[in-house]
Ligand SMILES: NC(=O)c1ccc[n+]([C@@H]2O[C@H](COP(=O)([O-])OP(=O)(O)OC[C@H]3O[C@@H](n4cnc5c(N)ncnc54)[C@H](O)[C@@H]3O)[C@@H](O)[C@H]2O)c1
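So this first bit is one chain, no partners, the form predicted alone, shown in structure tokens.
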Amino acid sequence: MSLGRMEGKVAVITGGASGIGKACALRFAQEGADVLIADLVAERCEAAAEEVRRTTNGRALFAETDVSSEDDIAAMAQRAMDEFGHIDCVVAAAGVSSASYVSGSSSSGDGGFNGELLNLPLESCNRVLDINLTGVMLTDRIVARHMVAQGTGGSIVNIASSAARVPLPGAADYSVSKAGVAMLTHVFAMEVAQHNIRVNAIGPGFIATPMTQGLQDDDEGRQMMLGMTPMGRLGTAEEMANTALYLACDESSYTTGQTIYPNGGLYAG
């Protein structure tokens, strides 16, 4: 029996209780990884971990984690080290579409965006940046410190967005945060390459997840998403997980500092 592409690896996945993060947890476990699922609500984390254990041969733990808290992320990483002994991969998937978005819930009919920048409250903008950008930065560097100490290298996969390259009116804070994730990926990759740590990102287009549910349920919103996507359909969380898997495993061993955009043609560059 052939080994999976993540056999013997330990993956930490933030935002792992729903959407792309959960799909990554399941896909990585299918390929042999042990996973630690981190998200805001312990009950949802535990349910996702149980699904991984029930449907794959992988071990799965969870950690209730607010990625805007450096202490929470440090505790998350330490739990993975204490239980598994090492960390080989992290997927920084935790993110929000707006300040009011709650992980795993459906967005409102406007897609959950905060509104035009002209009238956007500063506290709303800061919350999106704290989770989507600062949270990714903190996750990357705290986990990377463990990888450096191990001396075995590793792979970091950040979840950006096609909104990093295609501006979405009404979502300036979201678009800017994801553009920041893309640049963070490129810069950090250069800084840790000497430690055999690879840093890459994926920039999904419109994906059928709870975050886009409000747009999916709204005729105008759905037509907007499909109209912007040359392939004429929404992507799936599983398709995003497959892309993340490639970047996490040894098949991409000569790839770092890249952002791949699986988006049905929404952005081509």
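One-based numbering along the sequence shown. Everything quoted here is computed from the prediction, not taken from an experiment.
Omitted here: the form predicted in complex with the named molecule. The next part is about that form.
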- Would you mind picking the one in A201, M211, A241, V52 that has a heavy atom within 4.5 Å of the named molecule in the predicted complex? M211
- Message: Please identify, from 158 to 166, 115 to 123, 187 to 195, 81 to 89, the stretch that has a heavy atom within 4.5 Å of the named molecule in the predicted complex.
- Response: 158 to 166
- Message: Considering non-hydrogen atoms and a 4.5 Å limit, does the named molecule approach G221 in the predicted complex?
- Response: no
- Task: Examine A172 and determine whether its closest non-hydrogen atom to the named molecule in the predicted complex is within 4.5 angstroms.
- Result: no
- Give a yes or no for T259: in the predicted complex, does one of its heavy atoms lie within 4.5 Å of a heavy atom belonging to the named molecule? no
- Message: Taking any heavy atom pair closer than or equal to 4.5 Å as contact, tell me whether G95 reaches the named molecule in the predicted complex.
- Response: yes
- Message: Only counting heavy atoms and a 4.5 Å limit, does any residue of 22 to 48 reach the named molecule in the predicted complex, and if so which ones?
- Response: D39, L40, R44
